[in-house]
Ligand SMILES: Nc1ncnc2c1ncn2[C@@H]1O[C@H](COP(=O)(O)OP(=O)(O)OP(=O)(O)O)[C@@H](O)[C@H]1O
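One chain follows as structure tokens, the form predicted alone.
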């Protein structure tokens, strides 16, 4: 699913080059559940952004499901994201003025489905993650755990091959965090490939494999 070789990424701040990723190799098989861990500033979020086609590397090679990603132009990256990837964020990123159903159905607008078809698929996906009874609620009317389940449903509704999760339990208490991770495990057992960034070693234990970063290299 993911083949990365010799990846480098730097940023310029006040005329100074900051090397964030320094020659990373990473291979993730289809159906694998991988956690990327490391201290603040280790490069894990930058690596996740590159894997998610939100950014491109300065050097190196990246193939996603056999397609070259490095040096892709913005609209090509957008196509790859739409075709392969579902995103789950720490802060949920739900639209506050839209219901759970509307939030989940939103990615389907770009597939040309009818309104009834979008509603049906969104509702079934909410059912899959256990919050169909909250389909008419706004995000402000949901608990943190329920909001994250809606966000997971939104990531799943396009039936992506790869789920990318950036600190998915970071805004949750331990009980809700465990419930979300149980859902991740179920999705993994169904065959989803999951790449997750976390700073919490307890959360990292849910993955098949942990990739540890420090100062931009895999240790």
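Numbering follows the first chain given and starts at 1. If you're wondering where the values come from, they're calculated on a predicted model, not measured in any experiment.
What comes next is about the form predicted together with the ligand, which does not appear here.
- Using a 4.5 angstroms limit between non-hydrogen atoms, residue 40 touches the ligand in the predicted bound form.
- Residue contact with the ligand in the predicted bound form: residue 20 places a heavy atom within 4.5 Å of it.
- In the predicted bound form, the ligand lies farther than 4.5 Å from every heavy atom of residue 169.
- Looking at residue 45, you'd find a heavy atom of it within 4.5 angstroms of the ligand in the predicted bound form.
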